[in-house]
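We begin with a single chain expressed as structure tokens, specifically the form predicted alone.
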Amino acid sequence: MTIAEFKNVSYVYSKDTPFEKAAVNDVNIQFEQGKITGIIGHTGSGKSTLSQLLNGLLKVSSGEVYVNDKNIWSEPKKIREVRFKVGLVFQYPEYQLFDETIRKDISFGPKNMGLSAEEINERVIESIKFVGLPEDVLDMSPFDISGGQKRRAAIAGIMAMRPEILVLDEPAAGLDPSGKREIFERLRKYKDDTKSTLIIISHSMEDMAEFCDNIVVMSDSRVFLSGSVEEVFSHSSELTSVGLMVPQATQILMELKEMGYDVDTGAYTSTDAVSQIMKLFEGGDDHA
């Protein structure tokens, strides 16, 4: 079932000036409810613009954006309601923290939704658990916690609004491998527990292969490829043509295949690649 859709969407920066540039050009995408969709592409390909168009921070130059089968700009005065349905976490969200305490910061969105104090507190506690922070940080200043904790607190602030769609722009940027994996695993658990839809923008092919159901590839402001993880990453030559690569695990398996080893190059995660390589050891040296 489709929960959000772009229909022939274009967005032009600095329109009617010498600096006019199409950030998104005639884009058509459907996002499936309850799935994790990854958007990949080089800097300037239009990824972040799509996220801001989806929650109404930017208004389309042409085309239509739908959430729950409704054009989000059909009633411009109600665009604020769209932002409660489509929660957007910017890249380096820790810089979005602004209030005196973590509790007040996470409460900001629910307060603007007009919720009761009891409901707000319930959502604060719920969201802090989703991101794996202890409750004792709630009354601390954002300046008194670590960078990784700030990242989680900022994400919790969007989760507290319980959006139907959670959009995250490079949520694991700058984190070490263990921190990155924890963030993504918690996001996946959040999606499973709440039955929400996640859209993740990232440069990491490995993260997208492991944590996403579907992939959209952006290139030169247009959709270059889209489909399931398997469908998209099976087009390795097409991805290479626009300067992108299949996940590193797949590259290793492809090199082994060229060397004559019997491996499945349709594996896209490190876990699957290790499994393929272990089979070679279990079966002995079977390369041609």
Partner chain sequence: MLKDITLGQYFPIDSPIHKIDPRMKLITAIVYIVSVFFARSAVAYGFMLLTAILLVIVSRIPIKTILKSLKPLIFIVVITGIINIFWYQPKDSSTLLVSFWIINIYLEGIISAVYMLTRIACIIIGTSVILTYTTSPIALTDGLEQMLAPLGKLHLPVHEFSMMMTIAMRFIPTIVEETDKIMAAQKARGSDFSTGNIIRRIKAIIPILIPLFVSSFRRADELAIAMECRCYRGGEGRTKMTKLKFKYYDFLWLVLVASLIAVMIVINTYLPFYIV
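Remember, predicted model here, so these are calculated numbers, not experimental data. Residue numbers count along the first chain shown, from 1.
The protein also exists as the form predicted together with the partner chain; that form is not presented, and the subsequent description refers to it.
Novice: Of the options Ile201, Val216, Ile158, Ile183, which one has a non-hydrogen atom that comes within 4.5 Å of the partner chain in the predicted complex?
Specialist: Partner contact (heavy atom, 4.5 Å) among the options: Ile158.
Novice: Report the residue, out of Lys129, Arg83, Lys191, Arg162, that has at least one non-hydrogen atom within 4.5 angstroms of the partner chain in the predicted complex.
Specialist: Contact with the partner chain in the predicted complex is made by Arg83 alone.
Novice: Name the stretch: of 114 to 122, 203 to 211, 171 to 179, 90 to 98, exactly one has residues whose heavy atoms fall within 4.5 Å of the partner chain in the predicted complex.
Specialist: Checking each option against the 4.5 Å cut-off leaves 90 to 98.
Novice: Applying a 4.5 Å heavy atom distance criterion, does Trp73 contact the partner chain in the predicted complex?
Specialist: Taking the distances in the predicted complex, the answer for Trp73 is no, it never comes within 4.5 Å of the partner chain.
Novice: Answer with yes or no whether Thr271 is in contact with the partner chain in the predicted complex, where contact means some heavy atom within 4.5 Å.
Specialist: No, Thr271 is distant from the partner.
Novice: Report yes if any heavy atom of Ser221 sits within 4.5 Å of a heavy atom of the partner chain in the predicted complex; otherwise report no.
Specialist: Result no; Ser221 lies far from the partner chain in the predicted complex.
Novice: Please run the contact check for Thr37 against the partner chain in the predicted complex: heavy atoms, 4.5 angstroms, yes or no?
Specialist: Thr37: no contact with the partner chain in the predicted complex.
Novice: May I ask you to list the residues of 30 to 60 that have any heavy atom within 4.5 angstroms of the partner chain in the predicted complex, in sequence order?
Specialist: Those in contact are Gln52, Asn55, Leu57, Leu58.
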